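Coming up is one lone chain in structure tokens, specifically the form predicted on its own.
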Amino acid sequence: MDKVSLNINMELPIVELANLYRNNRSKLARVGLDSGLEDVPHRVIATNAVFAPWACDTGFRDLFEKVRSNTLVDQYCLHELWSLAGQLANVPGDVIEVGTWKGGSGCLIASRFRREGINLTTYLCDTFNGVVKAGEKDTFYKNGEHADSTVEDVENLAESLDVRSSIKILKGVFPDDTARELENHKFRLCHVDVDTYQGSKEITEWVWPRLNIGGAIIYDDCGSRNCPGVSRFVQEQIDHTDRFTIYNLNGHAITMKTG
């Protein structure tokens, strides 16, 4: 790892701290982090981007305050889900989220489609027993993490946001236990937040033939230090000719179906 001395005084006024960050971006970008996988390099990411559209999106801000305690997804990724859901208004199909925890991100997506006046079902899938299918490509998760959620958590949030009638909760491992209920469905959006290589792979293989042209799969935690397996799986999508895949520096990867 590169040795970088920034002499940061955490008592600095916030504007001065921001300027210190700005002036030391090139040094920060040289700091390496161990991912546990040789072919998945990690670095401190320090970009020039400062545009923050979520800050002035009043519809999103209001909803974010209502869902933030029910999600582990940050506001940057949540706003991207909110925005992409709006842009998929003209693509046919339902929505599926695998790895819903307490329902924050899934109910946010359902709320966006309700706001657009689109009648669809958002399927929220979770074991409610924590992470599954962690393997050798996953260097942090060992299975069972994030087991502190219940179906009732999701239902209560959905009720409070007036989207209970447009969501359906599927409890169990997906696709192993619950995919049979959706065999004949088509989708416009799939949000994958399962933290592991194998889980991401199996969900993608199941949903891809059911994803309509122009639809999207969004992978959460791509780029996260805790989820190098997700990053590796996303990289494997790059050479497919029936899709294009973008790694967003906010920790999302987006795959759009083109053929």
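All figures in this text were calculated on a predicted structure; none of them were measured in a lab. Start at 1 and count along the sequence shown; that's the residue number.
Keep in mind that the form predicted in complex with a small molecule is missing from the display, and what follows is about it.
For the residues H146, R114, H79, K168, the 4.5 Å heavy atom test against the small molecule in the predicted complex is passed only by H146. Site residues F140, Y219 and G223 are none of them in contact with the small molecule in the predicted complex, judged by any heavy atom within 4.5 Å. The stretch from 181 to 189, 95 to 103, 115 to 123, 158 to 166 that comes within 4.5 Å of the small molecule in the predicted complex, counting heavy atoms only, is 95 to 103. Contact check for V230: no non-hydrogen atom falls within 4.5 Å of the small molecule in the predicted complex.
S35 falls outside the set of residues with a heavy atom inside 4.5 Å of the small molecule in the predicted complex. Shown alone here, V91 lies farther than 4.5 Å from the small molecule in the predicted complex, counting heavy atoms only. Contact check for G86: no non-hydrogen atom falls within 4.5 Å of the small molecule in the predicted complex.
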